[in-house]
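First comes one chain, alone, set out as structure tokens in the form predicted alone.
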């Protein structure tokens, strides 16, 4: 089934796996080509990836890299909303006419929810400019000026350990702010209703049911990555997706690791916001895990794939004279033009180019991971793909712990 919204957004589920995993297409007005889902949103700082400059963006796979996440809170202390609006919004300011922006407050790096300071008036965030109380009217002023292709309503996110009373209050506030945001909604941009509920399945269900009653274009699922365990997460995710319309897109924050992404896909999530690439790049790590399900059964040297068979630390001295690319056969700009030894040198002399090259590779590789997930769903092999990927990671982590002991 395909839904067409008055905000130039179309979403269609094309294929279902035996479970809830699904592959689809998302068309946004600012992008000339539809994006396939499940898809990754690239993290940005004020609209641009943290290390990749605009002239290097075309080297990333397109349209897989077309959807960029931006936090409106990044613009609290920059140009006024009126000036941003007069300049034509974020796409015009940055000159990214072929990309789409998804706006929601949390960015998992700099603008983190501060639940202790939130109240009925607005949500509190720790930002680069200090702690801020963001009210719905302030938030919508930023949304209207930035003109994103899709945006999520303001949410009161809480960690898994809060009291039942505080958790219930977060759901009540989020639903109220949803109505406040919709009433001030701009003419452009698809609205994604925020869903919270912490680690309480009943509150998750209640919020999902309330939000699904509103006239919105999709759903933003928040409150994950805040203290819930890997074992508890599938039940919480299913409690939400089981009560949402199947034909509408679902976006989630807080699930960044490959294992977490697979949990989200298995629950029927379509879009993922992740700071995983940023943290890997900052630590000097490069992704290396195989993207072909048939390769999961093979064993690779630790130097090539890393101790957990997923990433290597290019700061290590073992790579000082290694003239191989990060991943043999990878077609990203970094692997085509540079060696592990060169990046090892850049990291150890603290050259910023190291992070640029690493983020290009890690982004390219992680987008390939999402492509492999989509292919597995289309070929009805997602469950096998998931089981083999997780088992390989589990085996090597267990072996690493045993060696360390």
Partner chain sequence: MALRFDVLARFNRARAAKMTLPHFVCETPLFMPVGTQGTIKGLTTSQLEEIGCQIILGNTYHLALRPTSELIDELGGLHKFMNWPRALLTDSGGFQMVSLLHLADITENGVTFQSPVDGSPMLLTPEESIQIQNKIGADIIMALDDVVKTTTTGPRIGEAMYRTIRWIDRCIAAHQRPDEQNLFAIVQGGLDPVLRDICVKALTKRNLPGYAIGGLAGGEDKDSFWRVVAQCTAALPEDKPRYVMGVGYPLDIVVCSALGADMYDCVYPTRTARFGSALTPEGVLKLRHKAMAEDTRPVDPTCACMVCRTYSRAYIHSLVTKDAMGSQLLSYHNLYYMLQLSRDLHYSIIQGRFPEFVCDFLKKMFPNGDVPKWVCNAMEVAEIDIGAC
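Numbering follows the first chain given and starts at 1. All values derive from a computational prediction rather than experimental measurement.
This protein has a second form, the form predicted in complex with its partner chain, left out of what is shown; the following refers to that one.
Screening 372, 31, 341, 60 for any heavy atom within 4.5 Å of its partner chain in the model of the complex leaves a single hit, 341. For the candidate set 320, 98, 213, 176, a heavy atom within 4.5 Å of its partner chain in the model of the complex is found for exactly one residue, namely 320.
Not one of 121, 154 and 183 comes within 4.5 Å of its partner chain in the model of the complex, counting any heavy atom. Partner contacts here mean any heavy atom within 4.5 Å of its partner chain in the model of the complex, and among 86-94, 231-239, 284-292, 258-266 they occur only in 86-94. Within this chain, residue 348 lines the site of its partner chain in the model of the complex, having a heavy atom no more than 4.5 Å away. Interface membership of residue 163, defined by any non-hydrogen atom within 4.5 Å of its partner chain in the model of the complex, is ruled out. At a distance threshold of 4.5 angstroms between non-hydrogen atoms, residue 79 is in contact with its partner chain in the model of the complex. Proximity of residue 378 to its partner chain in the model of the complex: non-hydrogen atoms within 4.5 Å are absent; the residue sits far from the partner. In sequence order, 351, 352, 353, 356 are the residues of 351-366 having a heavy atom within 4.5 Å of its partner chain in the model of the complex; the partner itself is omitted from this view.
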